[in-house]
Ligand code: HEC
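Quick heads-up: it's one chain on its own, the form predicted on its own, in structure tokens.
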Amino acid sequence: MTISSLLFRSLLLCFLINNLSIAAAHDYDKYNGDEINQVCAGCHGEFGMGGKEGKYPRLAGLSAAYIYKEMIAFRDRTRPNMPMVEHVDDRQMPNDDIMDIAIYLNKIKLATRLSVVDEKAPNFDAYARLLEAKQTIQIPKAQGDIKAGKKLYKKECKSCHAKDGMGNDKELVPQLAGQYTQYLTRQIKLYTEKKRSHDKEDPEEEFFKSFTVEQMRDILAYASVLDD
């Protein structure tokens, strides 16, 4: 293992320990999280479901530790994203607020399909149905060879993002299942252009350049059905 790899693992361990300490000591304020989410909802939706076909990513259900880490990265400008800067500026959103919204979003669970009901039944509740629909997200099946994508995913992605695409909370690896294909495609472009680091342990790695356009399309096609 290289010195840079050891240094990265040491820094990651320090972050995790510090993050766990913050989380353990943090007195979660659900109402503060809800209030902050009203601002987030302008782009990411009332229930963190994202929108505009993936222009804004789904946040609901993501690891609280991952959301916290990324919001700190936005604030520190280590993950460039100008629209996010004003929302996570130190004066507007201290660490406690970031932890509150991270936990709040993590606790939102989205269904992947509507329940079966009889809309003609006398006790049918139209409002409850509307609310359920708002909390249901189904990622459209992306174009590509799903079977080929599954093989590639198992070989190249499963070890970090897990077999079911739910990520790894301990390693702060985000889930891919239930995330918009358009958003994932945009992040891959940022990785290949070195505008975002895919592997903090090896910032210069060119993981995605090892795939053909067709292979990447197939992996994304498989990712789009991981939550089915």
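Numbering starts at 1 and runs along the sequence shown. Please read all numbers here as calculations on a predicted model, not as lab measurements.
Absent from the display: the form predicted in complex with heme C (HEC). The rest refers to it.
Non-hydrogen atom within 4.5 Å of heme C (HEC) in the predicted complex for each of 50, 99 and 225: No, the candidate spot makes no contact with heme C (HEC).
Heavy atom to heavy atom, is residue 150 within 4.5 Å of heme C (HEC) in the predicted complex? Heavy-atom contact with heme C (HEC) at 4.5 Å: absent for residue 150.
May I ask you to check whether residue 137 falls inside a 4.5 Å heavy atom distance of heme C (HEC) in the predicted complex? Looking in the predicted complex, residue contacts with heme C (HEC) do not include residue 137, since no heavy atom lies within 4.5 Å.
Partner contact for residue 26 in the predicted complex: heme C (HEC), 4.5 angstroms, heavy atom: Close contact is absent here: in the predicted complex, residue 26 is far from heme C (HEC), nothing within 4.5 Å, heavy atoms only.
Look up in the predicted complex whether residue 174 has a non-hydrogen atom within 4.5 angstroms of heme C (HEC), and give yes or no. Flag for residue 174 set to yes.
Can you name the residues of 141-168 that have a non-hydrogen atom within 4.5 angstroms of heme C (HEC) in the predicted complex? Contacting residues: 156, 157, 159, 160, 161.
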